[in-house]
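Coming up is one lone chain in C-alpha cells, specifically the form predicted alone.
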Amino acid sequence: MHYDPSVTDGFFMPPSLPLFKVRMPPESVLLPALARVLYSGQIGEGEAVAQFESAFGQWLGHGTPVACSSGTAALHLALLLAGIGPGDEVLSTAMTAEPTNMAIRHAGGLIRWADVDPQCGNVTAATLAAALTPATKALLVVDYAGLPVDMAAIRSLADAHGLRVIEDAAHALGARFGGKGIGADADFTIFSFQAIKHITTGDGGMLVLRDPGHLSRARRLRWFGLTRGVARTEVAATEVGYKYNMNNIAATMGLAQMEGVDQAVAAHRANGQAFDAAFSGRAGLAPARLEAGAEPSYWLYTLLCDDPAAIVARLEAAGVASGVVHRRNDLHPVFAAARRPLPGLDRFSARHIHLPCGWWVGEAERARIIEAVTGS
C-alpha cells in the first residue's frame, strides 16, 4: 500500500490509525488568539511574526530565525544566501521529499546525488565525500523521517573543502545530535510547519541563520528585495526578491503551537523508542540505524524489513496506515540529468517502510502496531 497524504477527499478513506495527523492546540488557546489577529486590522507580516521568530529562536537555542511562507521558500532563501546560482553544483540526497531538490533548481543550481546509508536512508560524511567534485559549492543534507545526520562529521568535511552546509530539518523538529539542537552545526537550517509536521502554521517554514550577518539580506529576499518598514517610494531594490514572508495569521498559530511543542515531540520520541526496542533482534526486521549521539524526533518511524509488502498488508488488516511516503527523487524525470548509481539508496528503498508514531499513537495503538508487525 502506498499512502498518499495529499489525498484527503472522499475518494480515499484512510485506515483508522493514520500515518499523519494534523496537530492543533486546544480551541481555548488557539481560537481567541486567531480572533484577535483576524480583527486587528493587520493580518499580513507584523508583530506576531516577530514574536513567533523570537519564541522559536529561544526554544531552539541557537541561530537567528527568519519566518517564511513555507519550508520550501526557506530552503530557496538558504541556497541563495549560500551563494548558489545558475550552474553551481550542490550535493544532495534523492531520499527526501521533492521540495528539497526543487529548491536547488529554483536557485538555478545543478544537483549531484550523494548516496545514503542503506540502514537509515541518510547521507553521511563518507557518502558526501565520495560524491564531491571540484565544482561542488554546497552540501544539502536531510534529517530524513526525523533521524538526525552526523553534522559534526559533515561540518568537518565542509570546512576542509570550504563548502556551505544547508540542513533540511523539515522532518526533524526537536531532534538533537551530540547534545546540540538540530541545525547547530549548519550554516543554514530550515524547518517546515506544513500541515502534517510536528507543529503546523497551516503552511509555513523557518530559516535559521548561523551567522546573523545574513539577516538583513534574508529579510529583503523574502519581501521582493525590499526593506520593510521603509516607505516604498524611498527604498531601492538591488536584487530580485520573492514573496516568501509569513503572515500574522500563520504566526499566531505558530505561537499557540509553541506552548505544546515539547510534549508533541516527546510523544513521537517515546513511540519511536518503543518501536526500536520491539523490533530490534527480530528476524527479517530492523529499526533504522541511529548515529552515535543522535536523538531523533521520529516524525515517521522507519522500519527495515525483508518483506515490506507482507508487513504493510498485516498493518492494513489491523487498520494501520503504513508504506513508502516519498518517491526517491532520482526517479523523477525532472531530475533525470543528475542520475548516477546509488547502490545504498537501492538497498534502502527495497527494504524500508514507514509506520505512524506521532502524538496520536497511544499505548493501545502502539501495541496494535507491534503485534501486526511481529505477529506476536
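These numbers were taken from a predicted model, which means no experiment stands behind them. So that there is no doubt, residue numbering starts at 1 and follows the sequence shown.
Quick note: we don't show the form predicted in complex with a small molecule, though the next part is all about it.
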TODO: Would you check whether the small molecule, in the predicted bound form, lies within 4.5 angstroms of a non-hydrogen atom from each of 92, 164 and 186?
DONE: no
TODO: Heavy atom within 4.5 Å of the small molecule in the predicted bound form: which of 76, 222, 197, 268 fits that? Just give me the one.
DONE: 197
Task: Among the candidates 250, 84, 170, 128, the residue which, in the predicted bound form, approaches the small molecule to within 4.5 Å (heavy atoms) - done: 170
- [ ] Sort through 290 to 298, 270 to 278, 254 to 262, 187 to 195 and report the only stretch with a non-hydrogen atom within 4.5 Å of the small molecule in the predicted bound form.
- [x] 187 to 195
Open item on the list: My question is simply whether residue 142 lines the interface with the small molecule in the predicted bound form - judged by any non-hydrogen atom within 4.5 Å.
Closed with: yes
TODO: Determine whether any heavy atom of residue 121 comes within 4.5 Å of a heavy atom of the small molecule in the predicted bound form, and answer yes or no.
DONE: no
- [ ] May I ask you to state whether residue 305 is within 4.5 Å of the small molecule in the predicted bound form, using heavy atom distances?
- [x] no
- [ ] Spell out, yes or no, whether the shortest heavy atom distance between residue 99 and the small molecule in the predicted bound form is within 4.5 Å.
- [x] yes
